[in-house]
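Take a look at this one chain, the form predicted on its own, written out in structure tokens.
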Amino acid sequence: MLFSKPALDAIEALTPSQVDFLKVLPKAELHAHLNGSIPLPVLQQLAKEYVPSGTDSDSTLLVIKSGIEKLQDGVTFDEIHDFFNLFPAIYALTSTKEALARVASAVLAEFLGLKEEEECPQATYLELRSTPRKTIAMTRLEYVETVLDEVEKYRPDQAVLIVSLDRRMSKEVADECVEAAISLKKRGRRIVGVDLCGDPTAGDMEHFTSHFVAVKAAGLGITLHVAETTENSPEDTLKLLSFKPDRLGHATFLNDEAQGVVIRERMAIEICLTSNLLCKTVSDLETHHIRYYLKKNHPVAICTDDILPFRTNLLGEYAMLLAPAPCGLGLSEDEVERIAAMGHGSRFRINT
């Protein structure tokens, strides 16, 4: 794989025996977005096969062409908001059930499948997450069912699904997504949790209170993207923490009050090192907030976020734990093994 600079520098700073140690280490991936983890060759093939419908405009075709070119060339991020501009092309190419099933299958294989050049899969356990989208070809419920059909080709101890809500959603759309998650869980499908994601500066978090009350009552886990930017207010963060999440995505800019809640309630932190560095929410590994939580012996899970634009995988992320400074945190193998165990210990359970 073609790695971005942070992951590549860390891997190249390791000895062959250290790389082998990381490859065989059982790793749990708890923060992987479906649409941001599609292998580039799969997207390129979908772009070649794409047949415009009567309602497609020339602008849609230009969006697809531009998006694929950016991903091929390697994306440059000036700030976190640049990340969201990548998705219109991906959404256009995954708007049918057939295309969605193909990309879901490819993402699952990317994390869990064995490749000829690899001795071990990238992850031994995957909680894949995705936001249900309604298109002319499928309802939001059909979207989730299509992804689940691919997830459930793997064992329950290998792959499960988290349904994501977007901060920009209307109450009615969020209702539909939560109802889909709860109803499918009741039918025995492999839904384990609900996420809140999207533009970190958008939306009124008060509008999601009833949704997460319902999610909690249904026995589903809750993970929330929180405090990703300095633009997120303390009030926004504390409102999200009041939903009693089990885990938090990123949690980069928590103030003392919020950190106190997180530590007291043992809310695990999903850490995505490359994502933070490339989106410039963290300046370097020396000042990364993972150090605070490790000192507190607080549970963290090392994750990739979006392997497509960030050009990383779990090997690259774990390499940044083990590699010496400035390429990594310089942790020992025992410490890295303990962090991997934290990831497995933070997974959502399948409750029937």
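A residue's number is simply how far along the shown sequence it sits, counting from 1. Just so we're clear, the structure is a prediction, and the values are computed from it rather than from any experiment.
Another form, the form predicted in complex with a small molecule, is not on view; read the next lines as being about it.
With the small molecule left out of view, the stretch that reaches within 4.5 Å of it through heavy atoms in the model of the complex is, among 32-40, 312-320, 293-301, 62-70, 32-40. Against the small molecule in the model of the complex, the set A28, E127 and E152 makes no contact: no member has a heavy atom within 4.5 Å. Shown without its partner, this chain lists F77, F253, F87, F243 as candidates; in the model of the complex, only F87 has a non-hydrogen atom within 4.5 angstroms of the small molecule. The partner is absent here; in the model of the complex, the one residue of D166, D236, E176, E145 having a heavy atom within 4.5 Å of the small molecule is D166. Contact check for T131: a non-hydrogen atom falls within 4.5 Å of the small molecule in the model of the complex. At the 4.5 Å threshold, heavy atoms of A101 stay clear of the small molecule in the model of the complex, well away from it. G203 falls outside the set of residues with a heavy atom inside 4.5 Å of the small molecule in the model of the complex. Looking at H225, you'd find a heavy atom of it within 4.5 angstroms of the small molecule in the model of the complex.
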